[in-house]
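Consider the single chain below, provided in structure tokens and representing the form predicted on its own.
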């Protein structure tokens, strides 16, 4: 296999891969920040005492989780222009990733919030804190600490899902593999190199997850 594997071509296309790797990182980072923001808001709405607000959030979460990301991406890319809404490809990709992962983050954060003893919330009420102050100072910091590992796991999923953006011609890692394959007809070199870059991101996020988990355990022990 190594005898037929052309490393020279990979080196030739490495500037393209590095450019697309950078694009994957910033697309994923922006989408992750957006997903966390959407997840927190959707979670707060889901736990709201207002039945209407809770129902709206529930419809969003269940609609996103019950449909494939690819269908959502195609809706934003092909469906919105038919409705008169035209967005750049990068904005479309970020919007799809943000709304998709935001629904999962909402459920992850909700599970963390529900794991917090209600006595702490009662203590916040007794201290005169309003709903938003309780969420900010008592609930969310603990919920984020309890859910750091599944949240980083979802971040890994988001990075891998960003490969679907190649289907709408966004220059990211998978697109680089497609270009190498179409130019030189070397799918092994093209997509193995793409996979290697995704592995780098995966192990970085996995290391952050392991480090953060150890830090939390250390804090609990003291």
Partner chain sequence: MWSFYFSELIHSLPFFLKGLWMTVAVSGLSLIMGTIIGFIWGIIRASRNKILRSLIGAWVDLIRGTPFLVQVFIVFFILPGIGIELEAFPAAVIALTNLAACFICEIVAGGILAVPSGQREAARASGLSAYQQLRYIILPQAMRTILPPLVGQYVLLVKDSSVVSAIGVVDVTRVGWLTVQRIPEGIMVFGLVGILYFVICYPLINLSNILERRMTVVATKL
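Numbering follows the first chain given and starts at 1. Values in this document were obtained by computation on a predicted structure and should not be read as measured data.
This protein has a second form, the form predicted together with its partner chain, left out of what is shown; the following refers to that one.
Which listed residue (179, 33, 53, 188) meets the criterion of a heavy atom within 4.5 Å of its partner chain in the model of the complex? Partner contact (heavy atom, 4.5 Å) among the options: 188.
Although the partner isn't part of this model, could you tell me whether residue 171 comes within 4.5 Å of its partner chain in the model of the complex, counting any heavy atom of the residue? The answer is no: residue 171 has no heavy atom within 4.5 Å of its partner chain.
4.5 Å heavy atom contact, residue 150 and its partner chain in the model of the complex: Result no; residue 150 lies far from its partner chain in the model of the complex.
Just to confirm, residue 78 within 4.5 Å of its partner chain in the model of the complex by heavy atoms? Residue-level check for residue 78: yes, a contact with its partner chain.
Using the partner position in the model of the complex, report whether residue 41 sits within 4.5 Å of its partner chain, counting heavy atoms only. Judged by the heavy-atom cut-off of 4.5 Å, residue 41 is well away from its partner chain in the model of the complex.
Check all three, 82, 192 and 202, heavy atom within 4.5 Å of its partner chain in the model of the complex: Looking in the model of the complex, the three residues 82, 192 and 202 all sit within 4.5 Å of its partner chain (heavy atoms).
Within 4.5 Å of its partner chain in the model of the complex, counting any non-hydrogen atom, which residues from 132-146 show up? Result: empty, none.
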